[in-house]
Structure formats: structure tokens, C-alpha cells
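Just the one chain here, laid out as C-alpha cells, in the form predicted alone.
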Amino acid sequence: MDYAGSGSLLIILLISLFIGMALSLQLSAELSRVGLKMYTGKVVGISIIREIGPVLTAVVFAGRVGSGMASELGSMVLGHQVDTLRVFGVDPIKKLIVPRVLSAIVMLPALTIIGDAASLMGAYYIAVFVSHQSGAFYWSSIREVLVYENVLAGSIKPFIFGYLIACISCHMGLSTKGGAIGLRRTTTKAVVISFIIIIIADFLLTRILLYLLGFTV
């Protein structure tokens, strides 16, 4: 949990902050053309809480933590440490896989919440100090989007993303073979497959949640 959580905190904060600033800047420019610049906070809030926050954090998490899991387990397989555990009667799944899966399920949602907050703060800075909007109206718009439907969608996704990333990375790590070249391929495949699965899972979860919450598309 320390490696997956606090070790990823700084990069999550930096990326989320600047993504929020860029999103606010772009939306302010586009909405100002139709006289709706005051709704920047609402659009930014919905985008970050429901989609950008969970997906962005999961992608960064997969790139840093998922690749680390795959390479670490792959090194243990190539060094016969996993075989040694089996010889001593220790289940590698319980010893190596379960802690990593649990840490991902716990820490990714926590990082997502922190990343969402950083993105909203970055968007606030651009909206108020660059686009010259009302700070009070911005936060009022953010409070309007913090409803059950949006919070539910933004809360469920990180748990599922964390589980998928950990399972994919651990599976790829334990299937490593072929020495250093095989380890490189395993780590790369773990990250690439995680990225693809995150995007596909995000679409499916969004569609399911919209249906369950009664939204018509």
C-alpha cells in the first residue's frame, strides 16, 4: 500500500492539477463563444468526477504500479523465488498476489479522490484568475454536480480499475519466461493490456451506470 499509494501521490497530484487547468482553459474558451462561460465549473466538475478523474488516475496507476508489480513478480519467477515458496509449502497466490490486489483496490480509489480534488483546484485557478469568473459561483457549480449519481459513478470505477490492473499485472508477471527479454515483454504487455482494459471497462461501466440510474441516451 505504501508503494502503490504514497509512492504514486506526487505524480498523481501533478498530472491531475495540470489536466484540470488545461480542461478549464479549453472549456472556458469554447463556452465563452456561446455566452456560457459561467458554466465552466459545472462542466469541469462532471467531467472530472465521472470520467477523467477515475480514468486518468487508473492509467497513471497502471503505468507506475502495474508495471512494477509485473516486473517484480517476473523477476521472482526468473530467479526461482516463486518455486522456492512452493517447495516450502507456501501458496504464492496468498503470499504474493492477494496483498497486491488488495492494495490496488484500496489505494486507487484514495488516489482518485485526491486527484479529483487537485484537478478541481487547478480548474478553479484558471476559471478565477485567468478567465475572471466568480470563485463563489464556481464552487457553487461544483456542489451542484456532487449529487448521488455523479459521486456513485466516480466511486465505483476506481475499485474495479484497481482490481483489473492488479490482476492483469500479477498474471503477466507470473507468466514471465525467457530471461531479461521476456521480462521486458511481460512488463510492456501488462501496461498495454491494462490501458486497453481500463478504457473498455470505463465505457461499459458508464453505459451500465447510465442505464441503472435511469438516464436515456
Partner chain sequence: MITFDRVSFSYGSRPVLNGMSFSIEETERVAILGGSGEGKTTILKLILGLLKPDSGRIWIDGIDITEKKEEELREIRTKFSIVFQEGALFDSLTVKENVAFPLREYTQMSEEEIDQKVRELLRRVGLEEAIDLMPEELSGGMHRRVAIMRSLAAFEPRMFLYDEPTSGLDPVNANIICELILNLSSKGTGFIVVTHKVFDAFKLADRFMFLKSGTILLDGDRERILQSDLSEIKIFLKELHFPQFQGGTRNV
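Treat the numbers as computed from the prediction; the structure is a model and nothing was measured. Numbering follows the first chain given and starts at 1.
Here the subject shifts to the form predicted together with its partner chain, a form of this protein not shown in this document.
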Original post:
Is H132 a contact residue for its partner chain in the predicted complex, using a 4.5 Å heavy atom cut-off?
Top reply: no
**OP:** Verify the contact flag for S140: yes if a non-hydrogen atom of it lies within 4.5 Å of a non-hydrogen atom of its partner chain in the predicted complex, no if not.
**Re:** no
Subject >> Exercise: D83 in contact with its partner chain in the predicted complex, heavy atom 4.5 Å >> reply: yes
**OP:** Find out whether any non-hydrogen atom of V90 is located within 4.5 angstroms of its partner chain in the predicted complex, and reply yes or no.
**Re:** yes
**OP:** Just one of 103-111, 119-127, 90-98, 140-148 has residues with a heavy atom within 4.5 Å of its partner chain in the predicted complex, so point it out.
**Re:** 90-98
